[in-house]
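The chain below stands alone and is given as structure tokens, in the form predicted alone.
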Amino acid sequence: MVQEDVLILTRTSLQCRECKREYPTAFIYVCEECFGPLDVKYNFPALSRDTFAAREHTYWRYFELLPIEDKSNIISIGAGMTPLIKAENLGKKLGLNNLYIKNDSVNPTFSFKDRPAGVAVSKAKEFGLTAVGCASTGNLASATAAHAAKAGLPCHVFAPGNLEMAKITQALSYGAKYTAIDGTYDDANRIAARVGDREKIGVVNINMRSHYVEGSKTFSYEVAEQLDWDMPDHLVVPVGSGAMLNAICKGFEELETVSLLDDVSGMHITAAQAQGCAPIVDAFKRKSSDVIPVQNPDTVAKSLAIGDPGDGRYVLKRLQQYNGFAESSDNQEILDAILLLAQTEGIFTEPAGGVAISVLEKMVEQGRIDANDKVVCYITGNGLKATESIMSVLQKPSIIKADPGETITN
């Protein structure tokens, strides 16, 4: 824990996920009693569905459900309220009548990470911190660096050295100090944690994690509102650390708490991982609560290559709570699914999205999803960030003479 003297007495508090001990909101993230993770707990005001109707089209429209006290501390680059598209062409191919794609590939830095990064950097400003950073598999580096640039804060990124070049270039363009680690994401995470504690840096997904994960809840808020405040029957969520899936569940539950949704307990959820780094899927299929880390992740889906998922066992609890499933896809299945989504719905996703689409296919084939279920599949990143991965399965361009009379055959 770091800088415990930074304290704000607020409408929120922090509560240990394990022992339920409560703390005033402060720059802490681990329970002193049992070392469990701390979650933000709210004293929610009275809300109605009309509360949000005329507000800005970013996730900050849900200000009352987020952990920032003073709106002047909000750092926004216009993220959120991304399209929820009824995927009729893909649905027809898969045999689904009510398939929706939540397309976060169109966020300002082209991934869902703009949601948690924006909340965490805003909270860092509210805490009066002078620098931020992250451990990243790529997308978070870009999102944190962009929000740090907007906030006028230095940004320190720690990431494995084998990331896609587009993601490195993007983060560097925002002015981040980028440290490539000769190792895995888990190695980068350990180094970032030590540096954050030593230098009093707000590392968004480590010592700011309690507030960081709150940004991903906005996935739930937007989907509910875009479905006219109706609950989906089934969610398919790509999983790396597991924090996003857990936050999505928390978000739907909070909407029930404030009476914006009815009973959410009938929802089903599927955790989608990539073979080569699927410790949560492996535990689920073993019917075990013990998530065994993958020492050397090996998958084309680098943004999901987190061998030791911090929220892994909480994902397993969520799957049990919501009668869910966990499944994985190999590299070829992932690449095929990227093309399937692109060629049916015009959405170009990075491999993490290919994992979600491929696992969605498997859920239908296994009879886990009914044809008339209202299904939401989360696409979390843009394909332009990982073009190297898809090039091997694309048709090579044909070359013709520069002659207007040249015949082009299909």
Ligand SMILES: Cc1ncc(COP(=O)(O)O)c(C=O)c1O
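Just count from 1 along the sequence shown to find any residue number. Bear in mind that the values here come from a model prediction, so they are computed numbers and not experimental data.
This next part talks about the form predicted in complex with this ligand, which is not shown.
- In the predicted complex, at least one heavy atom of residue 139 sits within 4.5 Å of a heavy atom of this ligand.
- Although the partner is absent here, residue 158 lies well away from this ligand in the predicted complex, with no heavy atom inside 4.5 Å.
- Put simply, residue 240 is close to this ligand in the predicted complex: some heavy atom of it is within 4.5 Å.
- Within this chain, residue 380 lines the site of this ligand in the predicted complex, having a heavy atom no more than 4.5 Å away.
- 306 is the sole member of 101, 203, 334, 306 with a non-hydrogen atom within 4.5 Å of this ligand in the predicted complex.
- Of the candidates 79, 87, 278, 244, 244 is the one whose heavy atoms come within 4.5 Å of this ligand in the predicted complex; the others do not.
- Residues of just one listed stretch (225 to 233, 107 to 115, 89 to 97, 259 to 267) have heavy atoms within 4.5 Å of this ligand in the predicted complex: 107 to 115.
- Looking at 336 to 365, the residues that come within 4.5 Å of this ligand in the predicted complex, counting any heavy atom, are 350, 352.
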